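Next up: a single chain in structure tokens, the form predicted on its own.
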């Protein structure tokens, strides 16, 4: 095996020994290292990669402890012969995951794939303003950034979020109720740790955000898929399917991925259920900032009178995914428990990006950026919808929706959306199949397409033509 493939990056946030451990695991999984192969000694690998011996030894100890390596004393260290039976299935498992885990596909760093989901308009981000604020933040908070950060998040950012939510989403909360987290998964993890137990049953929208569904299931929770209709999550069906549910995860402002808003009667029905069942509602308000027709309905959290709603938002889709910053707004009665728990979790990390976001919000740049993006995204959505109509005609039907940064194009009944999406991804397109976001079955599939990075009508048309070729071959 080429040792260059093992070289860890000192710029990576992950410790060197973990990077080395993961590279060996990948080499074994992909067949670059086979059962019985001898690996370099600790001394020789440390010398070759210019690492401390203790770093290499820590990685090797993990690999031995987990059964990947076998230490044979003077005979050296080898890949465990017991892995021979696993060698053949390894490749198809990895290939299958790369197709089915479409939502985790990131593409080429710094570039957007056509139709890529969850990615804001990178070309329209105010880089100069951001760079200026980041530089000032570094100079102002350099000493503070060297100390342990507050695991609940940088206080000025929490205040800025609370102020913004009060104005934009009608949520009356103090900054003590706001917890900054490492992405949306960090918010889910904090809520799960404090309020739920392994094995608890929860309602989940079907179809619904696939990565969150997998995260919750892997966290030891049991999910009951509840269908959505034109009014959002069907509360009555949820009570029939899982009457003992202790939580519900919903996207009421802009259902993910179908696009409808939960009606006010349905919202009130959900809140009444939560109060009666002493259950928790996790409101994912992932892109409520982008609405093109009329004003959005108030956040579910703003209607909560019994302290049963936990509100989550993210900066990934409104600013930059690379920030990995989200937030969780909790009922006032749960602040103490949440505060105790964050002391035992990794937290949102360095204060520098948090302080930069806080300055961006406090100085009015955030509100101006959102106004520009609403206009821009309405325009770019039009590019894609027009291109689909011109190039595909009746082959797809675009689902009406009032906001968001993706469109849902429904396919003719019987068309395999999973196969089509997989073929498109193999050709460098970032769209996803509606079927991958479903738990239940449906005769009619669809394609979920991001449009934020189609800067011109020509770019959208070119991407749709490429997709049309794939459809003709699939």
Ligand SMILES: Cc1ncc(COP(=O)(O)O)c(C=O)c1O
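Positions refer to the first chain, counted from 1. No experiment lies behind these values; they were computed from the predicted model shown.
Note that the form predicted in complex with this ligand isn't included here; everything after this is about it.
> Whether 7, 23 and 61 jointly form a contact site for this ligand in the predicted bound form is the question; each needs a heavy atom within 4.5 Å.
Result no, not one residue of the spot touches this ligand.
> Of the residues 356, 288, 177, 256, which one places a heavy atom within 4.5 Å of this ligand in the predicted bound form?
Residue within 4.5 Å of the partner: 256.
> Which of these residues, 383, 273, 247, 184, gets a heavy atom within 4.5 Å of this ligand in the predicted bound form?
Residue within 4.5 Å of the partner: 184.
> Could you tell me if residue 192 has a non-hydrogen atom within 4.5 Å of this ligand in the predicted bound form?
Taking the distances in the predicted bound form, the answer for residue 192 is no, it never comes within 4.5 Å of this ligand.
> Can residue 324 be called a contact residue for this ligand in the predicted bound form at 4.5 Å between heavy atoms?
Answer yes; at least one heavy atom of residue 324 falls within 4.5 Å of this ligand in the predicted bound form.
> May I ask you to state whether residue 137 is within 4.5 Å of this ligand in the predicted bound form, using heavy atom distances?
Residue 137 lies outside the contact set for this ligand.
> State yes or no: in the predicted bound form, is some non-hydrogen atom of residue 366 no more than 4.5 angstroms from a non-hydrogen atom of this ligand?
No, residue 366 stays farther than 4.5 Å from this ligand in the predicted bound form.
> Residues in which of 371 to 379, 228 to 236, 308 to 316, 344 to 352 have heavy atoms within 4.5 Å of this ligand in the predicted bound form?
Partner-contacting stretch among the options: 308 to 316.
> Counting only non-hydrogen atoms and a 4.5 Å cut-off, give the residues of 390 to 429 close to this ligand in the predicted bound form.
None of them.
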